[in-house]
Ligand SMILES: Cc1cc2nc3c(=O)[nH]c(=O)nc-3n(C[C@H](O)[C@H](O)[C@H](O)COP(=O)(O)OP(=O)(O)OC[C@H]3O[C@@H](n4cnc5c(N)ncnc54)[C@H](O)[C@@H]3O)c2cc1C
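First comes one chain, alone, set out as structure tokens in the form predicted on its own.
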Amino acid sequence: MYDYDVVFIGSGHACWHAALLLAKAQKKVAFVEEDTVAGTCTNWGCNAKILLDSPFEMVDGLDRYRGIGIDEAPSIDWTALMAYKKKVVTPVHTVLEGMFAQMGMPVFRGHGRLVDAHTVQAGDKRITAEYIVLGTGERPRRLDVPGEELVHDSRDFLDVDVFPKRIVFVGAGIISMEFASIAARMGSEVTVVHRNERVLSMYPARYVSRVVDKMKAQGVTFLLNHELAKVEQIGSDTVVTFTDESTLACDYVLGATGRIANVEDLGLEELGIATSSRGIEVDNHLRTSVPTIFASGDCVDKRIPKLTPTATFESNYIALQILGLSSDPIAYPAIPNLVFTLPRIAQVGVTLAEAEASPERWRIETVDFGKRLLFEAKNEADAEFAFVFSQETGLLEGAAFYGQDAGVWADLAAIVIDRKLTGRDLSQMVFTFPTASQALLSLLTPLLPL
């Protein structure tokens, strides 16, 4: 007889969605958590980011109306905004923990470590369960240079009370570019350092270049093909030295050169559970090599985007597997992903790069949304859609978007892709007008087969 039906190591989105479904099905569930309950996204990631980002999105939008009704966009008081973030976001984990308690799902504090196929060591307590789910997430990759202790990560940045006047972002991926967009609007002296020439490499180069050009116009400096050699504190300056021996003085260095799956000291090796540089290896049912142990979320070795909604999808999938409501291999839908630069870039399904590399399989149709329907585009003249269609069926298989409503467009495109909708299908739908969703509907419908 086990203590629980299911024990989760971790309590973020990769775990608690499954836990809710299992608890509702009268399963006995518990969490083991060594950090703040509810994980990175809830406490130091997505929630904090979107709250802090939203005023910048609004101010950026107002800029498009400068001289045609708006004289000057308002400034943003970061300290007041941060205080509001702490008031709103910081208590969320306590609310969730209270919900867990009400549902009879205890949280055991401490580092979780596998003892065997049914046992987890949590601090000085051993807990047994029929099934174990690993949802340990990822952590920021540290810069392996002298002075790396002076380098901050995204968790630090999303909690800083006074905005730095001079800030260096190391890396040109999602985190750096999102935060640098905010820093540029704050009027800080911003430098983005990257070891090669490709900024936001997972997104379409045509749209990334627009974001980069806009940021350069705002005063952002991009130092490409640069690598850090060391970071040191000299008086009141934090000084970054590069491998070419050039230096740069600033007030704040943020390192964002990727994330690492949390797989250390989990007892995986002892149980023969394999890992790679990308995380825990699982089969097509998200099971490790030990059939009673699953893995979910960012700690999993996978090629699909490691996103919060992906973790949620996997978490729900595992619950259905454990409940015996499904025995099917996991089948991921089209997964939209969005970078919160100003403006946004989003993509879903087959990428533009893939389509361009195989024109015999796919064709690309580009729609100048902003130029054609400026009133619907909220005066965003360079807003653009890029659709990827199958050469064989004519159906939508991918899309990329540039503009402040890119997330909405990508979500709708994901539905069209997953449901294999035709022009006739879309013609039978009615959306509110004039909105971002209606814009997509009206411009995509005639490009699809009936």
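Each residue number is its position in the shown sequence, starting from 1. Just so we're clear, the structure is a prediction, and the values are computed from it rather than from any experiment.
If you look for the form predicted in complex with the named molecule, you will not find it shown, but the lines that follow are about it.
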{"property": "Contact residue in the predicted complex, from A172, V348, A311, A319 (heavy atom within 4.5 Å of the named molecule)", "result": "A311"}
{"property": "In the predicted complex, the residue from A355, L266, L150, L200 that sits within 4.5 Å of the named molecule by heavy atoms", "result": "L266"}
{"property": "Joint contact, W78, P164 and V192 to the named molecule in the predicted complex, by non-hydrogen atom at 4.5 Å", "result": "no"}
{"property": "Among 227-235, 82-90, 111-119, 279-287, the region lying within 4.5 Å of the named molecule in the predicted complex by heavy atom distance", "result": "111-119"}
{"property": "4.5 Å heavy atom contact, G407 to the named molecule in the predicted complex", "result": "no"}
{"property": "The named molecule contact at E57 in the predicted complex, heavy atom, 4.5 Å", "result": "no"}
{"property": "Non-hydrogen atom contact I417 with the named molecule in the predicted complex at 4.5 angstroms", "result": "no"}
{"property": "Contact label in the predicted complex: K49 to the named molecule, heavy atom within 4.5 Å", "result": "yes"}
{"property": "Sequence-ordered list of residues in 292-309 near the named molecule in the predicted complex, where near means a heavy atom within 4.5 Å", "result": "S296, G297, D298, K306, L307, T308, P309"}
